[in-house]
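Alright, here's a single protein chain in two forms, structure 1 and structure 2, each given by itself as structure tokens.
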Structure 1
Amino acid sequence: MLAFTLRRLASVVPVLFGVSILVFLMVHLTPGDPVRLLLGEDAEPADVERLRAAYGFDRPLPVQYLLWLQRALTGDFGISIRHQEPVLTLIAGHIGATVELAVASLVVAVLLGIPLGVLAAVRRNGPVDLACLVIALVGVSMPNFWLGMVLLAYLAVEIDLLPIAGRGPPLLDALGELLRTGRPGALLDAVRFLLLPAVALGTAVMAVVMRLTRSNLVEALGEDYIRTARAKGVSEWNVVYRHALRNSLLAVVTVVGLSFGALLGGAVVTETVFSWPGLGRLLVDAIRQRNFPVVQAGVLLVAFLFVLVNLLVDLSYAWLDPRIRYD
């Protein structure tokens, strides 16, 4: 297990190196001059050239990349062109909101998707199974931005049940306050702001988890070891949950891990609809403003988190299925 983990961690280096090259080339070869956007079209040519030289944009692209890579290896990703503050400081102020939203979306997807998938598999070919399949089809077909606007229109505007936009207290801070003081006010406030975007973003993942759980569990329930367990008098609860479901979760865990990585980088639309101050909105604004240092560092961070989550998913296989070994 340790050797496998070290090999996988070593493989992160070339992946991040390749991502850094691609992102650097893409942001620098797109039309638009960040200095012109910052100074305006009426700026004097001498001022434009002076600022370009200050940011190093007057040098050849290979030189710019090598200088950026040298600083990045020491943890210095430069200064934001638009905000005039360190890029890492800027990203650190937004990544927590995106991770919080992604985790909450996965919690919604897992807490709804797995039980509904189990229910559909146990009651397969019946009305319950049909209803679950319809829910899964609708969930995977709806764009998350459309679902978000529908939820806002009815739950936030029409009946004023939940906040319309923005973010409440950070969830971890609210949990800490609950543990310190015993007052749940901050936690309830954080959940109220988080609920709508989490449901909007997690519905499609929930539909995939539900369908995958159902199909894998139906297959597992037809295996010989399940018939043997039933013949020995094992209760149906233990047959389904302790034997069949655990062996059916490998593919589900894979999907959940990949979905978490995708949610980290793909929550842009949901963050825009709900005015959620996350990394997605920051990167979209940075791309529009040609804020190269922020785009490069943000994409590199998302790539690292994606690879890290995939590693954790691979390690979880050995816990779910004792037959799997990484020796």
Structure 2
Amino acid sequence: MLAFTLRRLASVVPVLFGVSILVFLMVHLTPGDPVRLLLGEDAEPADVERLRAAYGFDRPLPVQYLLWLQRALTGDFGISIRHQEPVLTLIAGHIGATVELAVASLVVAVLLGIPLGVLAAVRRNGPVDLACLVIALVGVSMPNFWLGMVLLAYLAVEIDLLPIAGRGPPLLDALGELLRTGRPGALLDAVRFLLLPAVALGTAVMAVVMRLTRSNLVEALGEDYIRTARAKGVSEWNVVYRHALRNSLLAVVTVVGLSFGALLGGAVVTETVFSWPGLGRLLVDAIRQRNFPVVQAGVLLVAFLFVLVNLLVDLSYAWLDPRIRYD
């Protein structure tokens, strides 16, 4: 396991290196003077000159990259002129909301996807299976931001069931309050705000989880050990849940893990719909304002998280199924 872990860790380094080069080049691909892009069009000439010297924009591109990387590795992504705040502080203030939304979407996907997948597999080739197939197809074909808008229009505006936009208290704080005081008020408030964006973002993953659970479970139910279990007189419930499902969930766990990264990306658009104060909205606003240090840091951070999560999924998969390590 140690050798496998080290090998996987080593493979991540060049990828992150490549991502950093791409993110660095973003500013240089853009037409115009990079210093002006970083400082804004109405910057003072003295500031422009100071930044040009400080960032080494007058030096060769590889040197500029190394200087930028050196600063990025120490967490220095510059200062957002518009916000008058270090970029890292700004990003740190928004990443929590995005991770909270992505995790909540995964919870929605798993809580709905696995039971529906089991139901479809147990009642395969019947009307329930067909209904689940339709739900899955519709789920993956709907753009999540449109689903979000439809949910808003009908559940938040029309019947005023849930709040229309924004974020309640941070979920972790609300959970802390519940544990400390025993009062669920803050937690309920947090969940009320979280529910619609999480459903909108999580529906597509839910559909994938459902179909994968179904197909793996159907395959598992046809195996010899299931026939043996049935022959021994094990109840159908135990056959499905204790024997077949357990063996089907490994692949589902992997997909759930890999989906987390996709959700981080998807959150960029969903956050705009729900005015969710996360990294996605910060990024989109930064792009509109051509605030490049924020865009660079945000993209780099999400890519880093994406690679990290995929690495963890790989490692956990190898840990759960020892055959993987010897491939």
Partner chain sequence: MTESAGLDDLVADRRPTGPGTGEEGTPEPGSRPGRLSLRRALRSPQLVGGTVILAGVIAVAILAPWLSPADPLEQNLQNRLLDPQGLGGLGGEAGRAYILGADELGRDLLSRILHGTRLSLLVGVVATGLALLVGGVCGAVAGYVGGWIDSVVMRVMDVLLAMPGVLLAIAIVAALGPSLTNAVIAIAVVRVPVMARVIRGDVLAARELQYVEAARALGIPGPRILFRHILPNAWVPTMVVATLGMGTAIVTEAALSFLGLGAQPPDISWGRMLSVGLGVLRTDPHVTLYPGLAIFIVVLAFNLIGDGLRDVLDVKSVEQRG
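Take the two forms, superpose them, and find the largest set of C-alpha atoms that agree within 1.5 Å; that set is the rigid core. Counting starts at 1 with the first residue of structure 1 and goes up one by one along its sequence. Treat the numbers as computed from the prediction; the structure is a model and nothing was measured.
Structure number, where the criterion is the form predicted on its own: Structure 1.
Taking the rigid core as the frame, does Ser259 move its C-alpha by 2 Å or more between structure 1 and structure 2? The answer is no, as the C-alpha of Ser259 shifts between structure 1 and structure 2 by less than 2 Å after core alignment.
Can we say the CA of Ala10 moves by at least 2 Å between structure 1 and structure 2 when the core is superposed? Ala10: C-alpha displaced by 2 Å or more between structure 1 and structure 2.
After superposing the rigid core, is the C-alpha displacement of Gln289 2 Å or more between structure 1 and structure 2? Comparing the forms between structure 1 and structure 2, which are aligned on their rigid core, Gln289 does shift its C-alpha by 2 Å or more.
Report, in Å with one decimal, the C-alpha displacement of Glu49 between structure 1 and structure 2 after core superposition. Shift of Glu49 at C-alpha, rigid core superposed: 4.3 Å.
Angstrom displacement of the CA atom of Leu61 between structure 1 and structure 2, core fixed: After core superposition, the C-alpha of Leu61 moves 2.6 Å between structure 1 and structure 2.
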